[in-house]
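Only one chain is shown below, in structure tokens, and it's the form predicted on its own.
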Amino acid sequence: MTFLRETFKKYKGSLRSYKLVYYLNNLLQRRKLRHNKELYKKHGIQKSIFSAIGHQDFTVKSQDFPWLNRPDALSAVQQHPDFKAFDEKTQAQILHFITHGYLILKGFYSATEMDLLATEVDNLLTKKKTDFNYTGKKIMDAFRFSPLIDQQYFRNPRLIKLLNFLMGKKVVPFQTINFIEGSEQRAHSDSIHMTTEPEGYLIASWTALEKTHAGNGPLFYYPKSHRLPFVSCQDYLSGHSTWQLGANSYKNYEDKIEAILETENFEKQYFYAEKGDVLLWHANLIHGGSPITQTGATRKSMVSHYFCEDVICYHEISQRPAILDLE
């Protein structure tokens, strides 16, 4: 199974578009999907846990939103006893997360910790324990090959404590993505890639291993865009069929997001991070990577995504259940 997973990471061909391929992979990963049986029953999903799944399958939408998504979140969070355990700067950032959809933890890691992480990633690449995936930009799940990355960064206790508080549920560490260069990815919301029912039970962190500037493709985001309705494959021309994913589905999704932004009055902002800064963002915050304008410039960083316990986790864009390590 490990061989198949690593092979598929590099594969760019047409097999990526066939739902049967994912179904077969789901069968191989049955142990990591069996928790969905009770969740499907709870949400009235009448289909196999190995089958394709998407927004269209949830005919009755749950109203169990993350507590910081609710209208009374600002007052509720300040009355919560755990809120007072955070320092004043973190408290201010938590309130900012509610209103703007993201928060910034300045200097969360030291420069030494970031150098250690960068060296670890370089060593994994040199020793061929991992590699870039089919995009040529992303190093997926380096934590699987490094106890250092897994324990000190992906599952950093201070970070997990804050994430649990923000989500109102215990988070499930799902994946890491390491970058050497900026992603240059168009504006998007993570909720199209990593989706939950009830909606919103995903959160992301982005860690700067080095300083970002206008030339190395800084992150951009649209504050308050997390309050927009979630966009699913039913909201644009996905081209999906019973057996196959649409060839232009993701491009059409990006075009949909661009069209939404043209009609909304959001201010585009850039994250000029210092080494060791961490950005946390809401599952539905629209963000992306700026073009790299300085030839050869690196923008070393690590993204981590966290689902929550006791919710259905799936990938809307590829219509498949998420493979979770819960044991």
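Everything numeric here is computed off the predicted structure, so don't read it as measured data. Residue numbers here begin at 1 and follow the sequence given.
Not on display, but discussed next: the form predicted in complex with a small molecule.
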Please run the contact check for residue 100 against the small molecule in the predicted bound form: heavy atoms, 4.5 angstroms, yes or no? no
Applying a 4.5 Å heavy atom distance criterion, does residue 177 contact the small molecule in the predicted bound form? yes
I'd like to know if residue 219 sits close to the small molecule in the predicted bound form, meaning any non-hydrogen atom pair within 4.5 angstroms. yes
Consider residue 305 of the chain shown here, and say whether it contacts the small molecule in the predicted bound form, taking contact as heavy atoms within 4.5 Å. yes
The unique member of 190, 120, 197, 141 whose heavy atoms fall within 4.5 Å of the small molecule in the predicted bound form: 190
Contact residue in the predicted bound form, chosen from 288, 276, 66, 54 - any heavy atom within 4.5 Å of the small molecule: 288
So which stretch, 222-230, 164-172, 180-188, 124-132, is the one near the small molecule in the predicted bound form (non-hydrogen atoms, 4.5 Å)? 180-188
